[in-house]
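In C-alpha cells, one chain follows: the form predicted alone.
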Amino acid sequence: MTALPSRKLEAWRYTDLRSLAAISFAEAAPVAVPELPDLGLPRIVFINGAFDPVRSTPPDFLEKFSRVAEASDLPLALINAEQAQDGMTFSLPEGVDAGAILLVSYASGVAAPVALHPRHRITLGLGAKLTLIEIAMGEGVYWHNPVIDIALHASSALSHYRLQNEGQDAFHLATIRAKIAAGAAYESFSLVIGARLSRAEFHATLLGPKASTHLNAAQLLRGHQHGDFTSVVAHDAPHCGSRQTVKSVLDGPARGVFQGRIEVARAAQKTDGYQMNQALLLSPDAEMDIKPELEIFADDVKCSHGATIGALDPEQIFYLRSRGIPEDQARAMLIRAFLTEALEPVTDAAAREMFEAAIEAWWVGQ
C-alpha cells in the first residue's frame, strides 16, 4: 500500500499521521447499526464502507460502482484507489434538476479498528442541478478515507453540504476533486465536529469562462481534536470566481489548520479569488495554524486573503452581562453569532436545519 504522507511534505506540514500509522486495521465485520438520519430525501447508505441496499432509497440515476485506474500525486487518493470498496456513481443528463439526495456513511470500529475507502463519482450534464447532503458518523476506532470525484459540465450546479460527525476516536481524511466547466458552479459547505483527527482536502479546477466555486467550512473542535481544512483552487480560464471562508471555534488544547491555495494561470485574466479564515480560541491552550497562498501568473486579476485569530471580546461579554444575561449565556450568544455568518451560504432548508441541530448538540455537550 502507498505510504501515508508525512510532515516532510509541505502540504502535510501541520497534520501528523503517525498515530494513524501505528494502528493495525482488521476486516470489517457485521455491526449493529443505530437509527440513521433520514431528512425525508432519497438516501444512499454505506455501512463500514459497503453499500447497504436495505437502508437505502436511492434515486434512479444511481449506477453500479466500478474501479478505475488512478493517476494522482495525492497519496490518500492513491491509497483509496488501491483499497477501494463500494461507492456511488451517478450521472445526471442534460438539463435535469434532481433536487436533493442524502449520502450517509456509518462506521463501527468498536470490536476492532477498521479502514474504509469508498470512492464516489458525480457527473452533471449540461445545465443539470443537484444538492448532495453528506453525513459521516460512527463509533470506535476507524479510518474513513473517502474520495469524491466531481465533473460539472457547462452551466451545471452542484451544492455539496457535508456534516463530519465521526466518532471521537476516528480518523477522517477526505479528498474532494472537482472539475468545473464554463458557467458551472460548485458550492460546498462543511461542518466539522467529530473525529480525533480530520482533514478535508479540496481540489477545484475552473476549466471554462465564468466557472465558479465557493469552499466554505466551520470547525468546532475541543479536547485533543485536530481539524485540517486544505484547499487548492486552480483558475485555468478567464472571468472565473472563487471564495473560501473557513471559521473555527477551538476549545481546550484543540488544534485547527487552514491551508488555502489559489493558482491563477496566465490565461486566467479577470480572475476574482478570495480567502478568509477566522478562528475563535476559547482556551489559552488552543492552536490555529493558517497558511494562505497565492500563485498568480496573470496580470489582470483580483485576489486577496485575510485571517483573524482571537478570543471572545471581554467588553462584549461585559455589555451582555450588564443587561442581566449570565456569563455562560453571553458566551454562547457570541459564539453562535460567530457561526451564524458561516451558515449563510447554506441555502437548502434541510441542510440548514441539520447543521443548526449539530451545532446546538455540540454546544450542549460542552
Partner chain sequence: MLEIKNLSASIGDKEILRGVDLTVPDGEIHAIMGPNGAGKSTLSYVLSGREGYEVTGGSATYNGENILALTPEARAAAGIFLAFQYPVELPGVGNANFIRTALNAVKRARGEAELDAVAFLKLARAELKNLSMPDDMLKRNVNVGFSGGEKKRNEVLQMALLRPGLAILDETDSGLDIDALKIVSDGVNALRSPKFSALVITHYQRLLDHIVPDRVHVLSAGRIVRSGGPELALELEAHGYVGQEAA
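Residue numbers count along the first chain shown, from 1. All of these numbers come straight from a predicted model, not from anything done at the bench.
Beyond what is shown, the protein has a form predicted in complex with the partner chain; the following relates to that form.
The three residues F318, R321 and E327 all sit with a heavy atom within 4.5 Å of the partner chain in the predicted complex. Residue in contact with the partner chain in the predicted complex (any heavy atom within 4.5 Å), chosen from A337, V54, A26, A32: A337. Checking A311, M333, L36, L62 for any heavy atom within 4.5 Å of the partner chain in the predicted complex turns up a single hit: M333. Only one segment in the set 40 to 48, 295 to 303, 337 to 345, 54 to 62 has any non-hydrogen atom within 4.5 angstroms of the partner chain in the predicted complex, and it is 337 to 345.
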